[in-house]
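Given as structure tokens, the chain that follows is alone and in the form predicted on its own.
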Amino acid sequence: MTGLSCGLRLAEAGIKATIFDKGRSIGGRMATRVSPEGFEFDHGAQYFKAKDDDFQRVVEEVRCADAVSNWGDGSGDQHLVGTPRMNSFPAKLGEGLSVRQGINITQIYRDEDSWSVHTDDDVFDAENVVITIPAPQIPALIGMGHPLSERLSAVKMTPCITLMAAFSGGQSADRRDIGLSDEDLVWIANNSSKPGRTASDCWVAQASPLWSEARIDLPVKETGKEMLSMLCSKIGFDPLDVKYVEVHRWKYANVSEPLGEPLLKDLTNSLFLGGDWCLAPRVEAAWLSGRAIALAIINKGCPEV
């Protein structure tokens, strides 16, 4: 979301930008997993809110294109989701931008007046570089000795293990989500109750940071079995009725100690770092960070990123 926000604002200013993404589809942690059987799970961010005026404007534009809806529970509270999948929202934002998927950036070097961006297969030149990956992963790209790496050490991010499970029997037609802040499972949701979803009885459970950290390196099969048992216990389903189960490990899921400012930049005023980790563990925070980076680039009049 930070990269998309930055790219969109730069495009509005007529500045050419290329976005590199190592994933196979746009979205990052606004992710959707579709199984070979057709089961669908939003296994990253569960919903988002829009309070900033500019972000509200963008959300309304995407809503008019039927790529965003409110996942209502009757409370009147805002629970925005991409439709028909969570990653439909970032995918819509990426239309018209130069986004290159499946590219892994391995190293970034500063030459005399430009940057060399190294991938597994190629090298690209850029006048400016914007890095929007999780803060703990950035020093590996810019170097542990870089002055910004020391600033990044203040940011703390926590893991999250997500369980995706589909059941038989048509048992969950209505919305059902449970906040379990003092439990090992901090979130349980009936993914099928979100607007536009076609697959039935698809559930998502997300573990607490402490539970996730203790098991982040354990075998997935072992972790999945334990989480499935906890999920079924909470929602009253029989584990024998499960038709599909999968686990995803988010090593850097949420920021617990943010930077406290929307971006970082180096002394050359050409390397910018940002993400939700700058401000708060929210989709909108990622958007605000990206916009702040774009404005910093626009204000210095640079032609290409």
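Don't overthink the numbering: it's just position in the shown sequence, from 1. Everything quoted here is computed from the prediction, not taken from an experiment.
What follows is about the form predicted together with a small molecule, which we do not show.
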property	result
Partner-facing stretch of 238-246, 59-67, 46-54, 256-264, counted where any non-hydrogen atom is within 4.5 angstroms of the small molecule in the predicted bound form	46-54
Partner contact for residue 273 in the predicted bound form: the small molecule, 4.5 angstroms, heavy atom	no
Residue 210, heavy atom within 4.5 angstroms of the small molecule in the predicted bound form	no
is_contact(residue 29, the small molecule) in the predicted bound form, heavy atom dist at most 4.5 Å	yes
Contact label in the predicted bound form: residue 282 to the small molecule, heavy atom within 4.5 Å	yes
Residue (of 130, 202, 227, 160) lying close to the small molecule in the predicted bound form, criterion heavy atoms within 4.5 Å	160
Heavy atom within 4.5 Å of the small molecule in the predicted bound form - residue from 153, 104, 168, 116	104
